[in-house]
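Before any questions on binding or motion, here is one chain by itself as C-alpha cells, the form predicted alone.
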Amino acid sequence: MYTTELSATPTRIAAAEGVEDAARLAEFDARVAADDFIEPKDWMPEAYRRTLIRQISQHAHSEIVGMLPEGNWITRAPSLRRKAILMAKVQDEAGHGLYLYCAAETLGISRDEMTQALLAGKAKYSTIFNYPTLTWADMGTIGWLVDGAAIMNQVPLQRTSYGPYARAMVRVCKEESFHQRQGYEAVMALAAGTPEQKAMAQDALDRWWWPSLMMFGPPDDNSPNTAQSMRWRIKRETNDELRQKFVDVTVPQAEALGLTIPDPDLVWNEAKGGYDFGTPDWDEFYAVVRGEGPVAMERMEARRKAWDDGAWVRDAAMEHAAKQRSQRLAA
C-alpha cells in the first residue's frame, strides 16, 4: 500500500461532528479506543468515513497505477524466470487494487466515482509512481525499496480500526512480502555480477532512495491528517516513525549487497538505537504531488486511455446484469 499523505486540506472534523449525536460520538470513540473494529453497518462520524474514502481510494489507485512502470518491463525481462516473477507481481497489484476498491465501496462510494475523482485530479495516488523506470535494475530496486516501504506502511494497517480495510490488508501484506523479497534477490544478483551490473544496481539505488523515503508522507509537523487518523486508529504509527523504521531496516540490507546509500548525512546514532539521516527534498515531493513528476502526465494518460478503452466492457457487463435481474423478476 502506498499511503502518502497527499491531501493538503485538513478534514473539517469539528464542523462535521458538531451536528452529530454526542452520545453516538462518545460510543464510537470508546469502541475505537478499545480497538474494536468498525464495520460498514456501524454508525460512524461523517469525517471518519470521508477520511477512510480518501485513504483507501488513494491506496487502490496507487496499486493500479503501480502496475504501469512494471508492466512496461515484462517483455524486456532478461530471462523467462524474471518474466514470470514480474508477471505474477503485476497480477498481484491488480488484485490489491480490487480488494481495496471493494473495501472503499462499503463506505458508500462507487468504483466509478473513485475513478472519476482520480481522472479529474481530485484524488491522488502515491508520488513514487511519477518517476521513470530507466533500467532493469529499477525493477529489483522498486521491489526492494518501494515495496519495502509499502510493507512498513501496510503491516500496521492490519490493525486499522475499519474492519474491511484491516482484513484486506492481511492478504496484501503477505503478497507484498513476496514482492520485496524478489526485488531484493534481483538486486543481489546484479550487485554480485559484473562491474557494469553492480553499477546499474547502484544507479537505481541512487535514484529511488529519496523518493522511497518520501512515500511515508511529509514530516509529522506538516502532515494535515496524521493526528486525527492516529486518534481514530486509522493509522497506528506516524509518518516519521515509519520512515525511521524503514531506514533502520534498509541500510544493513544495502551494506550486505555492497551498495552505498546516497546520503552523506547517514550515520548510526547509538543513543537512539537507529540511524540519523538527511532530509528529503520536500519541495520536490510537493511538486510531484501537484502532478509535476517526471512521468506524471504519462501515467495519467495511460490511466485515462485504459478507462476509455474499457467502456464497452463495463457497458456490456451492466447490460448483462440488467438482463439477469429482469429474468429473475419475471420468473
Ligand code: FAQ
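In case it trips you up, residue 1 is the first one in the sequence shown, and so on. Keep in mind it's a predicted model, so treat the numbers as computed, not measured.
Quick note: we don't show the form predicted in complex with the ligand, though the next part is all about it.
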{"item": "Pocket accessibility when the ligand, as posed in the predicted complex, is superimposed onto this form, judged at 2.4 Å from backbone or C-beta", "value": "blocked"}
{"item": "The unique member of 214, 200, 259, 103 whose heavy atoms fall within 4.5 Å of the ligand in the predicted complex", "value": "214"}
{"item": "Heavy atom within 4.5 Å of the ligand in the predicted complex - residue from 239, 161, 180, 115", "value": "239"}
{"item": "Proximity of residue 225 to the ligand in the predicted complex, heavy atoms at 4.5 Å", "value": "yes"}
{"item": "Residue contact check: residue 165 to the ligand in the predicted complex, 4.5 Å heavy atom", "value": "yes"}
{"item": "In the predicted complex, residue 289 touching the ligand (heavy atom, 4.5 Å)", "value": "yes"}
{"item": "The ligand contact at residue 250 in the predicted complex, heavy atom, 4.5 Å", "value": "no"}
{"item": "Segment assignment from 103-111, 202-210, 185-193, 153-161: heavy atom within 4.5 Å of the ligand in the predicted complex", "value": "153-161"}
{"item": "Within 4.5 Å of the ligand in the predicted complex: residues from 50-76 (heavy atom criterion)", "value": "54, 55, 58, 59, 62, 63, 66, 70"}
